[in-house]
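This text opens with one protein chain seen in two forms, each one given by itself as structure tokens under the names structure 1 and structure 2.
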Structure 1
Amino acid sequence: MTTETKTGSVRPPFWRDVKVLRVVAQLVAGGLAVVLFLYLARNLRTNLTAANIPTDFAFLDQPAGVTVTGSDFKATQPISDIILLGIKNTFALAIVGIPLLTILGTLIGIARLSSNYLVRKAATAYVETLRNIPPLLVIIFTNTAVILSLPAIRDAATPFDLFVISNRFLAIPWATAQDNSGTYLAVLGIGFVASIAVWIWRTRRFDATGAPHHRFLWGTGTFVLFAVVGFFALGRPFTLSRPEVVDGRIIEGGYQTVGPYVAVLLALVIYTASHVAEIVRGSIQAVAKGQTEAANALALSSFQRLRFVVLPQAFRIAIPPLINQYLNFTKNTSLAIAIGYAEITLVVFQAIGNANPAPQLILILMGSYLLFSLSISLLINFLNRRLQLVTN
């Protein structure tokens, strides 16, 4: 009898051993995928070679031959430069758009839960309208209804003599560096470090004595002190540069951007904010009701309740779906091609249209978006881990 139990525990022959079969199946599937990919890659290369289309990346060093909206790019610069410029322009949309859409989306998400009938319904109307329109339409609408309706540059609006608003260029006042500007930036850096030190000191004092910390006031105050004193002590290291229209054709001074950039930014921010609003609303509602009730029992004001009790918990829930919206925003910037903003998709297709090989360029384009998406995920996942509840 003992021998029988022993044979029962002996492993079956390998062709019936689940462990082995699993590994083999993985290897076979993986191998097939690799073979298929290599076959397709070679097929492409053979056919491109047969059709006399270059298969290497040498074209990247060729002059681009075109100039680019809103930059001083020269036609003699190589294609690799114009691709980098496109990446920079896409980044310029993402870096400004993501904070804006987060703020707008949060406000609207909170408004959807407001006890005020009008605010609540207005927010619902906003979300339900924009969420159900394709982003391309929002972009074209914004461009036509908002940007193109702005005055032509020769009749540009110049509110307070500080801004220039036209359908071609828009400009805001900007700081111009003078001598000492480097020193001043260093002073600001020291001020920043000092304000953090003050913040920590006030927090420690609060922890020790329980006296009100007012750490935000103290911290900002320290920084402002450094900024103001440093500014005058160094003899005005920055001066204000006001934008001015020259000849009714261009703008000089200030910080300027082109109409299509503003159109795409505006359109995608209001579009993506409608999705973010839903995420924020859902996350707030997902916070246990007892938390709100507890906050009410502590006689917190409704702002305090949101700021200190509900929102911190809601954002924990919201972060994973928010990442998705940030990624969507970044990918949707490719639609800017419709209204002529030179982001990465536009410059790549432009290069393809100018007799450069499509497969390589599309590969570069895909790689660029992958880079964008992975960096955003990485950043937010890091934040997510920091904010997650410690559950042990």
Structure 2
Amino acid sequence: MTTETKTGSVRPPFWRDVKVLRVVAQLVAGGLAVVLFLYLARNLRTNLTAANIPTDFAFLDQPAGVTVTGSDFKATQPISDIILLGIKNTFALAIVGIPLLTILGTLIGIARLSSNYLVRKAATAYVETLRNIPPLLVIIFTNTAVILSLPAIRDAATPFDLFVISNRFLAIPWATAQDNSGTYLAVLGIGFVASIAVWIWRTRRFDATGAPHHRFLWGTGTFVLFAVVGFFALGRPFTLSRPEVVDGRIIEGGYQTVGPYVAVLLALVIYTASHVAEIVRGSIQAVAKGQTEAANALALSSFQRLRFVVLPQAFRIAIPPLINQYLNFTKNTSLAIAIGYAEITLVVFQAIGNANPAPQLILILMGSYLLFSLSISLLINFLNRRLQLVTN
């Protein structure tokens, strides 16, 4: 039995309609997944109850019973606080590492295509060496050969009296908030919005007249103007704090971080950048050769050809596989447990080792990494959509 639509085409019965069958198949698959999840959850709950193991999350309010090196965390604070600290430390690796590995990977990927023999071979050796070594070994080597070989804190190096470098802590100068610091941050926010407005204005002027936009210089200049004028108008709301070693065992002032953080960050950046370099190299080679020939016909320099013609098109190709490398970097931060950096995996395993329920803590751990992965995917996919070519 068939039905005829308004356009005159013949529509099959619903039990043979592909669209209907797809919806039904998805509903059935979703229902089976829910049933399986409920079965597994019930089975887990039954086994935990039989073993006299708590099935709730009330244990999160109990004292953690451990301290964390390089932080003010106390053993009397609840387990929930140390989990939040682990999430914060993992985020600190991701927010700094992803931009660094992108820059390094891009430079190495471009170097892989260099006409200079030494540069090309050096980049090739970097990629072929690093990407074929397990990241755990890179982390252990970096911590052992780089961080632990630094001087002890009592003999810490202090270059220019601005930095403190030791095998336990590293510190750099940092801004310390004074009066009107909140107002100054608001001024910076206004300056940032103003710089975006100037950027848009210069872009539209370029589109309308063809005159050079120089939007980066205009936008940056606008923000710097707000920052400088606001800084002096509000009476220096921030002052520079320099780190100093006190009693040969602690550092006061500046911004401090522990050695394992630097080791994990450095190791994962140089490791993941080797994979990013190959993505960038392949994306550049995927750009049509005619684009490069057209740039040469316009007498563009090598830098201008990369900056204005090749790289903008290459990154449209590179972004989807780059997302996977960003996710791999974030998940590989769990390997920091090998050198004792207190990211989310280490603190969860410490909590489990203190006789807290493992299933709930593992669930929290998986949920944390899932949250990181979904957040990164959402942001980069939004950028990917913005960079896609619009076809009519």
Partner chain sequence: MIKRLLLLVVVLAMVAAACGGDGAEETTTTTAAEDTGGQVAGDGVLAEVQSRGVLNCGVNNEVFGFGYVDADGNFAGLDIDYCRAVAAAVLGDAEAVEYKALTAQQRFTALQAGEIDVLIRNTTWTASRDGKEGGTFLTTTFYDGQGMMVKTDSGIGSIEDMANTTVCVQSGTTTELNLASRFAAGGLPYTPLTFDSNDELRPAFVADQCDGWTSDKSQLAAFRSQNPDADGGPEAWTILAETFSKEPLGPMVRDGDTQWAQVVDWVVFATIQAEEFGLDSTNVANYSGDNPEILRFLGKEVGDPPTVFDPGLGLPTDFAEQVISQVGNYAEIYNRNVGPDTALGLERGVNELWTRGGLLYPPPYR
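Throughout, residue numbering runs from 1 along the sequence of structure 1. Since the model is a prediction, treat every value here as computed from it, not as a measurement. Take the two forms, find the largest set of C-alpha atoms that superpose within 1.5 Å, and that set is the rigid core.
Chemist: Just flag whichever of structures 1 and 2 is the form predicted together with its partner chain.
Modeler: Structure 1.
Chemist: After fitting the rigid core, is the C-alpha of F232 off by 2 Å or more between structure 1 and structure 2?
Modeler: The answer is yes, as the C-alpha of F232 shifts between structure 1 and structure 2 by 2 Å or more after core alignment.
Chemist: With both forms fitted on the core, give yes or no for whether the Cα of K121 moves by 2 angstroms or more between structure 1 and structure 2.
Modeler: No, shifts by less than 2 Å.
Chemist: After a rigid core superposition, would you say the CA of Q62 moves by 2 angstroms or more between structure 1 and structure 2, or not?
Modeler: No: Q62 shifts by under 2 Å between structure 1 and structure 2.
Chemist: I190: how big is its Cα shift between structure 1 and structure 2, in Å, with the core superposed?
Modeler: Spelling it out: core superposed, C-alpha of I190 shifted, distance 3.6 Å.
Chemist: Quick one: CA shift at L32 between structure 1 and structure 2, core fit, Å?
Modeler: L32 is displaced by 4.4 Å at its C-alpha.
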